[in-house]
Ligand code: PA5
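In structure tokens, one chain follows: the form predicted on its own.
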């Protein structure tokens, strides 16, 4: 289970209960079917039949490739990568190796990737609801052409898996023409809220993570904790705390923080409003960003994600487990930062498990949406993201 502590290292707020009428209205909005909020009902994220298909397909992928390429950008890949990296061993390659594409347009990366997979068996999962996502299309079309020269049409049909809209878009058209294996991305769930759908669960299952436990964990969440966190963030925002450091003490959670940054920033950063989420990876960042937190301008607060127990590794000098020492450091850092009026929320996981990670992902999804409603902005669009795409395509297409 996860625990949320918003009092030990946080200034006291006397008006939290005043928010409850607003929270009740938000809960009603989330429960009664406003647009794009099917993610809130976990039963709508994935049906038992699709879950069974995901598990069967993941077994097929593991048995038939050396490299599994997941092509998607933003929410189409961040959530899955967050979970996979949380459980991936530090010094051992997975089998199959899972590689995510779409977060950059590096020619060096693509060139080296092509060389790397040249002698390896490959399966691709391309993910895009619209089928028009710029980065996704660029990578998929390039790799599709490469693999078409290596594999026969029959063999290639066993190596392309498409996750897209049920009826529309270029990828659905490709599926219909070639009869490729496909999954449907639920229409009322946006990318950054899609971790608990086939979008996230298929790659996660390929990595061997127990996706059933993730779903069970999410369903067991005490949702009030997420709403309380949203209220605390709103109260701090009104006191000009405009930056939130998502701080971790376990590097395996770095990709998770990237996913959290997306769901918070893309949900709330609109109309000149919102808190900027950043990442801190301690203890390393204590020797760089930590100086600013301790003595710099008082523009931020922290949300610390800490794992209480990974293993029982003991440091003889202190006769304490390293996890216990890590916890002591986290607590004393928060105590030190409070001297500069840098407050901290603490989210504690008793252990790093699929159950807890599923719960944590759902926690931040709820908090992000609730926080957007408190800011009076639409949670489920991203007009700022779409702006650059228009300009890029205009120039590439040669339009005036």
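All values derive from a computational prediction rather than experimental measurement. Numbering follows the first chain given and starts at 1.
Below, we turn to the form predicted together with 5-phosphoarabinonic acid (PA5), even though it does not appear here.
Heavy atoms within 4.5 Å of 5-phosphoarabinonic acid (PA5) in the predicted bound form map, among the stretches 334-342, 66-74, 50-58, 351-359, onto 66-74 alone.
For residue 266, a non-hydrogen atom is located within 4.5 Å of 5-phosphoarabinonic acid (PA5) in the predicted bound form, even though that partner is not displayed. With a 4.5 Å cutoff on heavy atoms, residue 389 counts as touching 5-phosphoarabinonic acid (PA5) in the predicted bound form. In the predicted bound form, at least one heavy atom of residue 191 sits within 4.5 Å of a heavy atom of 5-phosphoarabinonic acid (PA5).
Although the partner is absent here, residue 129 sits close enough that one of its heavy atoms falls within 4.5 Å of 5-phosphoarabinonic acid (PA5) in the predicted bound form. A heavy atom within 4.5 Å of 5-phosphoarabinonic acid (PA5) in the predicted bound form is found for exactly one of 306, 303, 255, 133: 133.
262 is the sole member of 262, 245, 282, 197 with a non-hydrogen atom lying within 4.5 angstroms of 5-phosphoarabinonic acid (PA5) in the predicted bound form.
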